[in-house]
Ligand SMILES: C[S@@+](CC[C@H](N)C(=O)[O-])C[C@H]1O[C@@H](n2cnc3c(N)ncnc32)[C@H](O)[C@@H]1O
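Okay, so here's just one chain, in structure tokens, the form predicted on its own.
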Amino acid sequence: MVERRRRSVRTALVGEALRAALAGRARLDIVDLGGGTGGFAVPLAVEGHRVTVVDPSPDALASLERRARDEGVSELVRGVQGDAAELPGLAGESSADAVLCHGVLEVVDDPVQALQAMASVLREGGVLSLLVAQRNAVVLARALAGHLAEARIALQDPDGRWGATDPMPRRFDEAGITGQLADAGFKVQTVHGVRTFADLVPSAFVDSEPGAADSLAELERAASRHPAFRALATQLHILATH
């Protein structure tokens, strides 16, 4: 129950911003790169959009198929096995009105190439929804956990990693990722901080205190566009056009 509430808080802002960006545009062609089991793809299909999920995991794509079938949108959801480097060939150039890339740029072999691939798939004026891990948050988290040397390493490492055993291949800061987007031909429209407080508030409090989950969601929403707090968010959600 607690983890489900936390996931809801973590994804609510991303979903709200994405829906606002797509509002008023019916039956869009959307590509969800690394969309896995369809957490975003299936709800978008329920709203009437056609969604192609490109993911390297056959197990995830099988779960996507079941979820789409359960929601009655199988005809609007297509799963394709592949990765970012293969995206133009799998989805087709200038084939999408929107591309989702959530939690993928951190793990691809070449982020610059991945952004260029996404740009090639988008039609003119298309929307990119990009969610990436942010360096500042892991620096703070390692320091608060007492791992001060690792915090310093993460602060100085080009990829924002705290050591050789860090499971995350890379993290970004706002200036760096917006610069890479500009180089790939994107125009940034909005930047939101995601999970500024959700990873810090004790689970016991969220679980036991009446209304705590809703209050946490409201706090996240209020802080998401505040520059000072955005800089501390675990993730950055960027909406850009091409």
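Each residue number is its position in the shown sequence, starting from 1. On a predicted model such as this, the values are computed, not experimentally measured, just so you know.
The discussion below concerns the form predicted in complex with this ligand, not included here.
**Student:** Candidate spot Val188, Gly193 and Phe229, all three in 4.5 Å heavy atom range of this ligand in the predicted bound form?
**Tutor:** Not one of the three qualifies.
**Student:** Indicate whether Val104 is a 4.5 Å heavy atom neighbour of this ligand in the predicted bound form.
**Tutor:** Yes, Val104 lies within 4.5 Å of this ligand in the predicted bound form.
**Student:** Spell out, yes or no, whether the shortest heavy atom distance between Gln180 and this ligand in the predicted bound form is within 4.5 Å.
**Tutor:** Gln180 lies outside the contact set for this ligand.
**Student:** Find out whether any non-hydrogen atom of Ala84 is located within 4.5 angstroms of this ligand in the predicted bound form, and reply yes or no.
**Tutor:** Looking in the predicted bound form, residue contacts with this ligand include Ala84, since a heavy atom lies within 4.5 Å.
**Student:** Could you tell me if Ser57 has a non-hydrogen atom within 4.5 Å of this ligand in the predicted bound form?
**Tutor:** So Ser57 counts as contacting this ligand.
**Student:** Select from the listed residues Leu90, Val127, Val108, Ala119 the one whose heavy atoms reach within 4.5 Å of this ligand in the predicted bound form.
**Tutor:** Checked against the cut-off, the match is Val108.
**Student:** Given that the partner is absent here, state which listed stretch (172 to 180, 36 to 44, 205 to 213, 23 to 31) has heavy atoms within 4.5 Å of this ligand in the predicted bound form.
**Tutor:** Checking each option against the 4.5 Å cut-off leaves 36 to 44.
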